[in-house]
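The data below hold one chain only, encoded as structure tokens and taken in the form predicted on its own.
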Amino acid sequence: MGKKLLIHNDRVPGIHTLDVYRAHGGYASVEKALKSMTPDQVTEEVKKSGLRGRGGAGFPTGMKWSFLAKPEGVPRYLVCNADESEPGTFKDRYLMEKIPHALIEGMITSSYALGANQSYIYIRGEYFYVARILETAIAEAYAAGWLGKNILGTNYSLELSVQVGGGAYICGEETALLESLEGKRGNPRIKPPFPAVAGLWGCPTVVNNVETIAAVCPIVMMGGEEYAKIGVGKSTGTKLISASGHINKPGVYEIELGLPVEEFIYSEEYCGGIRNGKKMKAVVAGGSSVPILPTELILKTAKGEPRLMTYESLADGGFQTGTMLGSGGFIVMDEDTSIVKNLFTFTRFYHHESCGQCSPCREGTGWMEKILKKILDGKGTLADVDLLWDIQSKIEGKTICPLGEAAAWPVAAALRHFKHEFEAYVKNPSSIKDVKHYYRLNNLVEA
């Protein structure tokens, strides 16, 4: 059984309430930080921990905090990115729904370290009911003196608010999120300047993911060096994984980084193997935007080494033979899965969610969707398959924000590893099974 630091109490009755959360050690990191540590000392422990952003990018959290500008007389802000919109990812929702005070405690401790006296939790519109849970927990924290003026009798004060977004995937990008939080259309900003210098309302701002902020609490309590002993190399600590697809035990799992991928998929402690006794065909390891890998490459690297649940091991081989840990949206596909249909669903999503600001993304995502639908209609050609490759290559690296890459990488990986499947659809359209049923599921009109 791996070590759990974030959801070890998730099944305790009433853990969503302040009294039960406190009875199980909640808010201890706030007491320790405010009463016995300076803000710089908290930041230093986060640096020592090796904690990396759990929202997808994996950037060192302590380093990101250290970039925060601190001009005199200018407010600083901490913004929690709870706009969990990556298909296949639902671990932040689980944490906020089951243990909302874990995020609030992390917000207080992190805001103290950053010198922020006003902080925000920006949550996706589809999580409206979770926003209500958070607001209830925040009201409890205010009533008990954990938020507001002079917390625990110290000179530190913090106001915390929840802002519900409009359900736009693009607002998961930190600068688009800030634009939305300011009441504007959620278009990504050109960087530099970066949010650490000019973020919310032009002031220094740190934007961190839900899981990242919650992880600050155990780091403060156990110390950064002890936290860093968990995991492997530069992949330290634990990670929440959203496991879904054709597995026997879908759900949210907290793993120690370094766990072998094969153990995660097949052990009874985690996913419990492939359902209905089927064979595994492929895995998307970090949410829909990361490259898909066939069975032989998700279980072992191209060098024949066991693939581990770490940032480095999953990325081994680059995008030719590797992928990314990303947000931890782990989607398992069995032998009956159509990679072409799956890719069409992903591409249709990214076309719908593109903000349209950049031509390569605005035009390219729609073009890829049309080509994939043409192939599924049984009207595709081998030239269309080659055109898909050409289009995705002209999107990657040519947009203001990473949504372009998020749309291009799945296409590139599917063609790289499963091109034969696309060619089979073209050469033998009659082999396409259940297309009408597929159209009904995706609200499409058959051509």
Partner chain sequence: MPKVTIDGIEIEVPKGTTILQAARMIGPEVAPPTMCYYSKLKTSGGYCRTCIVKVTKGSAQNPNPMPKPVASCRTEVMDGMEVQNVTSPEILEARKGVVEFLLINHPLDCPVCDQAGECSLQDLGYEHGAAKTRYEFKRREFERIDIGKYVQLHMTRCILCYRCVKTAEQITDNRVHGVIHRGDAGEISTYIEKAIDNEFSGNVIDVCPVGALTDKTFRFKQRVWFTKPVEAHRKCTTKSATGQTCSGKVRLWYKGEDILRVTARKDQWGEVEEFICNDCRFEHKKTSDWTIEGPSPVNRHSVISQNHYNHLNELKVEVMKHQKALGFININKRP
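Since this is a predicted model, take the numbers as computed values, not measurements. Positions refer to the first chain, counted from 1.
One more form of this protein should be noted, the form predicted in complex with the partner chain, which is absent from this view; the next part is about it.
Although the partner is absent here, residue 118 sits far enough away that none of its heavy atoms falls within 4.5 Å of the partner chain in the predicted complex. Interface residue remark: residue 63 is not counted as part of the site for the partner chain in the predicted complex, having no heavy atom within 4.5 Å. Contact annotation: residue 356 falls within 4.5 Å of the partner chain in the predicted complex, judged by heavy atom distances. The partner chain in the predicted complex is approached by residue 367, whose closest heavy atom lies within 4.5 angstroms of it.
Checked against the partner chain in the predicted complex, the candidates 168, 297, 196, 324 yield a single residue with a heavy atom inside 4.5 Å, and that residue is 168. The single contact residue among 273, 360, 260, 224, judged by any heavy atom lying within 4.5 Å of the partner chain in the predicted complex, is 360.
Remark: all three candidate residues (185, 374 and 384) come within 4.5 Å of the partner chain in the predicted complex, counting heavy atoms only.
The partner is not drawn, yet in the predicted complex one stretch among 65-73, 412-420, 387-395, 48-56 has residues with heavy atoms inside 4.5 Å of the partner chain: 387-395.
Residues 400, 405 of 400-419 are found to place at least one heavy atom within 4.5 Å of the partner chain in the predicted complex.
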